[in-house]
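Let's start with one chain on its own, the form predicted alone, as structure tokens.
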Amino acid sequence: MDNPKFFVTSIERGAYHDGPGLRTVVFFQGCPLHCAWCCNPETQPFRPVLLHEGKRCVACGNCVPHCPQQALSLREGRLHVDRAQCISCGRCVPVCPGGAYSLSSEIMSSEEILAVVMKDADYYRATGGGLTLSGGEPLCQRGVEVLLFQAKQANLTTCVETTAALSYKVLESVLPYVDYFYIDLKHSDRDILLRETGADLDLVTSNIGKLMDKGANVTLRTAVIPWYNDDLSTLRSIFHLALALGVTTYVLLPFHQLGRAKYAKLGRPYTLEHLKTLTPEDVSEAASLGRQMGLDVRIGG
């Protein structure tokens, strides 16, 4: 597999919060979890999905006859997408005069990805930056270890943002080519974690422990979500778990609603609009608690 291909949802150049230095972040399609606060919900399915932006749609109906699944229809002057019927073939995308349609991801080879990444090679050398893989769960796609190997051959530092909710064999396959692992630790209660995200806590912590035993550079991250894990008692328990795993570098991510508009494009309800957006000040007490316990905690990024 010399030039594997991937479903890539986007590539963000000039990022400063996804690993050291200036980085280019490649977002991949597919994730085994279903977190309600996900800011990239279009990456959750394991295949490209159709996005429909209502503000761009003029309800002309031009797309309707082009859909082989009859998933598109006009109802009371509005365009309706039957998500159960849609197979994301993309035939509606080029015929929409308003550009209301797009697919969540495109196929890119490792060579094409690195061609974009290397545009900022001078900045990586100046800042200690490089390539970060994110998603979704980037390690769910086959051939990621080849992309990371090629990145190391190009003298790039590499970072992987992962749920660690997958087989350790996958993590082991990329371990030689990853400089930094950023791993989500969303909760310390097995039942709550499984119910709200679909993650198996024992699997996640086992994988983190194995990576630490191998000498991997691991940073743990917790998205602080009101009603879910924002109380100090829960965060103290999460911090204890991190310390028991031997991890001392920690990032707290205050809850935000920046991905809210994406849910409408997917035809999905956004269930957290009633929650308060958190500021760094809102999680400062939690950060102080973590530092008192011996963690190197920063907020955001």
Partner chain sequence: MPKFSVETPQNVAVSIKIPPEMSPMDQLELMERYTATHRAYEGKSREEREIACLRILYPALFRSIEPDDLFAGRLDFLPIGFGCVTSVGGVGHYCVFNKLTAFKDLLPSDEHERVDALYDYWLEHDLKTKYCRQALKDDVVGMFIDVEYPLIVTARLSGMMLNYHMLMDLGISGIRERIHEQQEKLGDNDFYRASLASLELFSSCCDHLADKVRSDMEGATPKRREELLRMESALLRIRNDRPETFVEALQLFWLYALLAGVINYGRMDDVLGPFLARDLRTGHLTESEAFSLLQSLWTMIENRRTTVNGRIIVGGRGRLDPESADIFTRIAMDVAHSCRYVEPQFTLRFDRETPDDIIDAALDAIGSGATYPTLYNDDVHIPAVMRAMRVDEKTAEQYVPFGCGEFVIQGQSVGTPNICINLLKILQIALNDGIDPMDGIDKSDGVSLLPAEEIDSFDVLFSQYKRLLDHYFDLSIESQLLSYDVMNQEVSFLFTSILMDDCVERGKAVLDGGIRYLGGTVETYGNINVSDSLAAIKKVVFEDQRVTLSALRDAVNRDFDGDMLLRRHLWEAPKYGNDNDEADTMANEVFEFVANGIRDRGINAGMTYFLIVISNNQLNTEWGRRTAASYDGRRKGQFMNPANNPQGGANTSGPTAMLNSLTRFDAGLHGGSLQNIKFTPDFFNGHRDLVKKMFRVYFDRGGCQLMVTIVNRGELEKAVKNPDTYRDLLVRVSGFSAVFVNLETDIQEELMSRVLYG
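As the structure is a prediction and not an experimental result, all values here were calculated from the model. Numbering follows the first chain given and starts at 1.
One more form of this protein, predicted together with the partner chain, exists but is not displayed; see below.
- Though the partner is left out of this view, Gln257 does reach within 4.5 Å of the partner chain in the model of the complex, counting heavy atoms only.
- With a 4.5 Å cutoff on heavy atoms, Glu112 does not count as touching the partner chain in the model of the complex; it lies far away.
- Taking the partner from elsewhere, Phe27 is found to have a heavy atom lying within 4.5 Å of the partner chain in the model of the complex.
- At least one heavy atom of Asn40 is located within 4.5 Å of the partner chain in the model of the complex.
- This chain is displayed alone, yet in the model of the complex one of Ala261, Leu232, Ala244, Ala36 has a heavy atom within 4.5 Å of the partner chain; that residue is Ala261.
- Out of the listed residues Val93, Ile192, Leu175, Leu203, Val93 is the one that sits within 4.5 Å of the partner chain in the model of the complex by at least one heavy atom.
- Every residue in the set Asp18, Leu22 and Lys55 has a non-hydrogen atom no more than 4.5 Å from the partner chain in the model of the complex.
- Listed stretches are 119-127, 68-76, 163-171, 143-151; the contact stretch with the partner chain in the model of the complex is 119-127, by a heavy atom cutoff of 4.5 Å.
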